[in-house]
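Single chain ahead, by itself, as structure tokens, in the form predicted on its own.
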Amino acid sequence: MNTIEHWIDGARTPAGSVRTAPVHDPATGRRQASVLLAEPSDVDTAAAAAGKAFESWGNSSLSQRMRVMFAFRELLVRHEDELARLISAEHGKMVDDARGEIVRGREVVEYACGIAEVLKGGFSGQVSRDVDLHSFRQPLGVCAGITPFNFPIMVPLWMHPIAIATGNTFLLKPSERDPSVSGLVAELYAEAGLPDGVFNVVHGDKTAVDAILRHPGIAAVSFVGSTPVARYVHEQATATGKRVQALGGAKNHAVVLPDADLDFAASHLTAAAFGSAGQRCMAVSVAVAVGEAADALVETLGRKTAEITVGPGDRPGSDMGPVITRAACERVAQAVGRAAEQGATVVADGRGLTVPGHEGGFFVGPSLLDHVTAEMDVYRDEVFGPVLAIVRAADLDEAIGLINANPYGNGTALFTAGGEAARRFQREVTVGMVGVNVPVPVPMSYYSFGGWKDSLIGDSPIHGPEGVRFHTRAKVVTSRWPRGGRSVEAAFNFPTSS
């Protein structure tokens, strides 16, 4: 059986211990590989390699960094099918869905290809007599990323290209559930000309995470995952003086007004709720049906949900694949059961689904629940599976109030034909990313990704301009070059311009 190793200092590297974890094929339920689990000594080795590489990479030219990024971008295009199938085999999502993930990650690489423009400093001449002032940004050193299973290539690509292009070195700790694609990415970086030690991959569990958070040689940590773990990462890493990006969980609402095109809204809600089996931090998990839109919306959603084909990620014609583990499958089924017990109407029930030929797979079908209330567990909990809850609201005021009362604030959407309602909605909701007739409003790479409230611990969003600021620190230089024979009097008073 294949054993997935770390990538440290430009080569695949065995672990300092023999601890491993299973890597399953979610479509069959069978173990297909083992992944090494790092000990603190492995993190030490990777951090040391990254620290050594930073001595030269931190002073590399912008031209060199951009050449690497251009070459890396082309390799991502060339190997897109291989990367997508590797993701599908370990995650379970559709191959085409994995391709979409690669494209959205590649957009950040394209942003990094123009890093010279983004890193331009400022200059002000003659701020005082014969005194000039200029500013520039410098890299931090060794940066680390701790990333989730649901986007095994995209979320890391939202981190390391920006870190590396701005002159830092990087240590990635991907999810141990679908780790293989990170090793292939490391190989592509090497082929693109990235020096050894600049990008490192250490696989592992909480032992590796804690070692990263406490390591004195790591300057910054980026994290995406659940809110409780995001809080833990933020607290532990900031306690040791690190910069931290910590993105947490979500409960994304999509509001449908009576003036919306209901067939359009239902089609997009179905895809947004059940794509990737609902295992997306931007998945729509709550549809807020306003006023007279409710009954027609539920009927249309029920019909479209019944049309979804569930099957393996590499099977043509499948719309939705399995969830990541058997435990996740059971958790989703229990959430639907509790919702029914608490009074929700089960319009579509995905429990007990069996896919012929894949009876051991981690499959659960899409579930649609009507008459859900804010007191029910299925509304309060982040199910992270193919479950769409429908909450009914009397008007837009009630819908906005529902969203604002929720502890999460990652993404939200409004389906409407009215500009006034759209403008009001986007200004009044306490959510970081808003879509108008767009159910999954993930920003482009030249903006930044991040929610509000419990969806973002701290204040550092990811990628885009905020990602550049996070991975660099500003320096301001005030300079004077006295002319020969001309004296400049020193003063004990606080300096002022003249």
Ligand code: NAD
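As the structure is a prediction and not an experimental result, all values here were calculated from the model. A residue's number is simply how far along the shown sequence it sits, counting from 1.
We do not show the form predicted together with the ligand, though everything after this point is about it.
- Between 302 to 310, 75 to 83, 184 to 192, 216 to 224, the stretch whose residues reach within 4.5 angstroms of the ligand in the model of the complex through a non-hydrogen atom is 216 to 224.
- In summary, among the residues 148, 141, 275, 365, the only one with a non-hydrogen atom within 4.5 Å of the ligand in the model of the complex is 148.
- Checked against the ligand in the model of the complex, the candidates 111, 199, 415, 384 yield a single residue with a heavy atom inside 4.5 Å, and that residue is 384.
- Proximity of residue 174 to the ligand in the model of the complex: non-hydrogen atoms within 4.5 Å are present.
- Using a 4.5 angstroms threshold between heavy atoms, residue 355 stays clear of the ligand in the model of the complex.
- Proximity of residue 209 to the ligand in the model of the complex: non-hydrogen atoms within 4.5 Å are present.
- At a distance threshold of 4.5 angstroms between non-hydrogen atoms, residue 281 is in contact with the ligand in the model of the complex.
- Residues from 227 to 246 that approach the ligand in the model of the complex with a non-hydrogen atom closer than or equal to 4.5 Å are 229, 232, in the order they occur in the chain.
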